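Single chain ahead, by itself, as structure tokens, in the form predicted on its own.
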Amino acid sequence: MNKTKLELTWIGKDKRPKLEPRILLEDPALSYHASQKVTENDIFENKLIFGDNLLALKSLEQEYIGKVKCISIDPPYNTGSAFEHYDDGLEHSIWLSLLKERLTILRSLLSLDGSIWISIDDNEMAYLKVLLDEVFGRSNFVATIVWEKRKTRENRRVFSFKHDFILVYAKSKPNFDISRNSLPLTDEIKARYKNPDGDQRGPWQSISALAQAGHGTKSQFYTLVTPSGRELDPPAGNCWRYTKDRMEKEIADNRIWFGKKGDNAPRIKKFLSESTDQGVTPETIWYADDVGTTDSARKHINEIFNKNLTFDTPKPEELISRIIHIATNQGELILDSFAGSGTTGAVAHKMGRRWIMVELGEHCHTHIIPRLKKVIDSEDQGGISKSLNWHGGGGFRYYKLAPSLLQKDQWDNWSLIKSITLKCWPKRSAN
């Protein structure tokens, strides 16, 4: 059977725009930095870019290809937001085309161990998943995360939608798997560790000593004798996790728990003190109590802007913080090309990561810049600030896209605009 590459098709997919490379021009009047260093890790070279994000991404290629560790974007859900020149309810095919162009460049910017995290809802999630398979490769799909975005019920709808999705893809999944960080142990998880036998290695929790029979070898099928003298065989369809020799060594080292009376089925002791990274593997359901909701995000932004709010569904800082924690380490680079209210940059800044944000809307000036100033000046103590003991510092540079250098002549051909031509190639003197 011939294996063919499956691709999503839509009207206009092959009509790709020809992008004119632009340069970025800094406006020092809108750049902002703390008056002095707060810590030795302060970062001042972050970038806030005002302009069309496709052209902005194109302008970043020369300097940043292969250097971005994490991309976190919240693109229009095709339900009420907009790209440039397109309003509510984009034509489905246009939405796909606009996203594909951006995703293609975003992939090129990612480092080999980098990852992209995309928020989306039910309306376009399935189509976006197939599009990402095409751009990143199905083998680089990492996970679909379900985020509980609200805790209240909407009784006016057929269904009350309580969640959004976050699709996670890697530039190279094997490399991402190695570099990915665990989540810190919570007090709830730590409480599961007990020490009923007074083991000198400290608190532990137990896991099953069984494995699936299909994954075992002949040496893992044997009769085990408990300390009380009870003989145990693995249940049907199972084998012991360890070979007989290994099991005897683990028992001798007091790493197998048979219950207080020594008569129960064996359990393997996992010590908190021996946890290699003192963390836990991230799960794919993220609850509101852990990472916040759109309501908690709105309350935070209302506090920042004195209730002058223009964002209906902002993302909470706790949500973005978890993404950044899993995907990056201090000093690494985060990119958000749909900056919205500026949450990604604000969180990355507080967490000691470098960041680049791109935003076309006027709220870049009315909301993002004032928000970032409050972060830098330590006037924003909402979101994750208190948990990080944030005291401000660092800064960012504000950039705009340079004007186009091209124009169409009378024969409808592209050429350098006249003023640029004259400036670059001055007339020769008569001499």
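Residues carry their position along the shown sequence, with the first being 1. What you see is a predicted model, and the numbers here were worked out from it, not measured in a lab.
The next section is about a form of this same protein that is not shown, the form predicted in complex with a small molecule.
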Contact assignment for the small molecule in the predicted complex, among 216, 266, 234, 76, heavy atom within 4.5 Å: 76
Candidate stretches 244 to 252, 205 to 213, 136 to 144, 337 to 345, one within 4.5 Å of the small molecule in the predicted complex by heavy atom: 337 to 345
In the predicted complex, residue 53 touching the small molecule (heavy atom, 4.5 Å): yes
Partner proximity in the predicted complex: residue 313 to the small molecule, non-hydrogen atom cutoff 4.5 Å: yes
is_contact(residue 102, the small molecule) in the predicted complex, heavy atom dist at most 4.5 Å: yes
4.5 Å heavy atom contact, residue 69 to the small molecule in the predicted complex: no
